[in-house]
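Only one chain is included here, represented as structure tokens and corresponding to the form predicted on its own.
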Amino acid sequence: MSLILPNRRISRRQLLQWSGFAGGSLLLNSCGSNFGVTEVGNATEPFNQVVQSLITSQRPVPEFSARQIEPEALLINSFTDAPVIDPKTFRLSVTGEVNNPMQLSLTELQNMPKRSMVIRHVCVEGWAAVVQWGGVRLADLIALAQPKPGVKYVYFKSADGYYESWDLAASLHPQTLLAYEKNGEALPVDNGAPLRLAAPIKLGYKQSKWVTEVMVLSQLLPEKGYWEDQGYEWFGGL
């Protein structure tokens, strides 16, 4: 499959059009650029800040240097055993309200422009770790899939049955990756290989491991996320 990337910069017009709010003054919720947990006013419709918040959410979070990586600090924290996935036959499906649904092999993903970052991974249980992640920007995949007008959410399905949903603004953040590398080496299975979410703007339970499908939607489904459906906050931002 031949991949031709469009301009990797997401324009203000595109971002607003994809979110379905161009020309409107509807209220949104986005992660912004601060490090505090964002409070969500309504779990079923979390967009409750001004449109400008969505734009500022594209600002990068400060990163760490390679010498600050904490190799032993990232704990293995999963609700199931690691699934068995053959990287040679693995395919990532990009589906939903898009004009160009795709199935991409791990090799095709690795041939896309790579983004590497050293960030702090924060767990809701109270621990944190500075980790290097390398992979493809989720914004690049969404752009390739050509989302239809009005999309607001991105769902993630995992091989172990885990499921998550994010707001579109956080999904398009330049530091939101589908990672296949950890600390300069191939991503270990226990950390989510062959592909996992990694971002400095969401808590750990939002960063799904073993991702097999990315689904772009205009409506938030009743099943919002594995832990959210058991009472955790939906937005899960930092």
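Small disclaimer: the values here were computed from a predicted structure and weren't measured. For every residue, the number given is its place in the sequence shown, counted from 1.
Below: the form predicted in complex with a small molecule, not depicted.
Of the candidate stretches 110-118, 152-160, 86-94, 138-146, only 152-160 contains residues with a heavy atom within 4.5 Å of the small molecule in the predicted complex. The small molecule is not drawn, but in the predicted complex it has a heavy atom within 4.5 Å of Asn191. Taking the partner from the other structure, the small molecule in the predicted complex has a heavy atom within 4.5 Å of a heavy atom of Leu74. Shown alone here, Phe64 lies farther than 4.5 Å from the small molecule in the predicted complex, counting heavy atoms only. At the 4.5 Å threshold, heavy atoms of Gly204 reach the small molecule in the predicted complex. The partner is absent here, but in the predicted complex a heavy atom of Cys123, alone among Val98, Cys123, Val130, Leu106, sits within 4.5 Å of the small molecule.
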